[in-house]
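Given next, in structure tokens, is a single chain: the form predicted on its own.
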Amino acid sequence: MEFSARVGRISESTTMAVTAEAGRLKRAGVDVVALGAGEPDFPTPEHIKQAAIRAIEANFTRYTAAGGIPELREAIVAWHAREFGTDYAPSECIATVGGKHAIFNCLAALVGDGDEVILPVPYWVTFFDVINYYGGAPVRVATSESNSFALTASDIEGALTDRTKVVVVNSPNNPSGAVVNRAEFEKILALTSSRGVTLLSDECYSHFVYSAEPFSIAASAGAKPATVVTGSLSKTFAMTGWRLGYLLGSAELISNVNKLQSHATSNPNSIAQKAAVEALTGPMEPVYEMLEQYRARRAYVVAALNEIPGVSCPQPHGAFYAYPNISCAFGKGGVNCAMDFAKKLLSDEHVAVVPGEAFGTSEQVRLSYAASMQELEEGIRRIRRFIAKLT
């Protein structure tokens, strides 16, 4: 069987592969500390679960409109307006099968063969592969570890060319936890809009910000025509398995994405749609409670990592990841890169982390602190022991 060239341009998600291997070891009875998966360890809030149960009992189990029920699209734009001050209409919104699906469909509609897409490093693994899948050219732009990997307009400016179609900004960032502040984000918007380039703002971790109020660049003056927003209920409402995301953009973009979605997946899960309406119209207190627990975990993890001799970890200002530099271990015990470090750490100490190569860097690993304090303490104890034993 011969496969298409486009499939050959993508690889398996490294984060999914790490999660799968950690799961395999756990099933075999190994005591694994899993810090690889980017998934809240909290249950979906009860009022959201009850809404899904009511939907099942009401037999809300048939096809819906491909882009989601009107009630959901109205809830998405109303929630986004309430939280961020935007003014999208339901016609400028589509519900998708998770945030990843929103990104996949958005780039399908915008990127063609040879189009350049600026991708700040470190980047979430899927962006790079999806750009390649559609024949685009990822243009990787480095950010500074000394600046906690926060993106600036000047980082982007030198990479813009006549072939640039999209600039991707993921803030708060996965994997680094970097946050682009409002003033800098507006400089980026001014730069991209002046060049006729679409700014794709991935807001997956929008509400997990530690030192500022959450905001959306789409609320800025003049932003709507030049901006596309992708978002997800997965992290904000601890609904990863429900697979419900959204895309906000021009009515023309949404119409084209809807065409694609109608053939690719049809509608998002009907039960998940009803649960999502409840999440978006219900209380936000569970989100704030998660944020406070993440804040305490972040404080412990960053301090504990920086206490390991040779390890340095910038302060993440959002999301729930730490991105420490572990290059002090290179050249010892067969460890010559982050990939080696992650593989050997899992085999020797049974701690799962994601190597930086998945995100475009070579000296870091990603740790998720969406785990209990007990797991975090044990995981870092093992990491410290692992580095100390390397010779």
Ligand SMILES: Cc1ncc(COP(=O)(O)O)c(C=O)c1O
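Note that the coordinates shown come from a computational prediction; the quantities given were computed from them, not determined experimentally. Numbering starts at 1 and runs along the sequence shown.
Just so you know, the form predicted in complex with the ligand exists too; it's not on screen, but the next bit is about it.
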Under a 4.5 Å heavy atom criterion, is residue 298 part of the interface with the ligand in the predicted complex? no
In the predicted complex, does residue 235 have a heavy atom within 4.5 Å of the ligand? yes
At 4.5 Å between heavy atoms, is residue 207 in contact with the ligand in the predicted complex? no
Report yes if any heavy atom of residue 99 sits within 4.5 Å of a heavy atom of the ligand in the predicted complex; otherwise report no. yes
Between the options 167, 248, 103, 188, which residue brings a heavy atom to within 4.5 Å of the ligand in the predicted complex? 103
Can you pick out, from 174, 273, 261, 227, the residue that has a heavy atom within 4.5 Å of the ligand in the predicted complex? 174
Segment assignment from 302-310, 280-288, 199-207, 177-185: heavy atom within 4.5 Å of the ligand in the predicted complex: 199-207
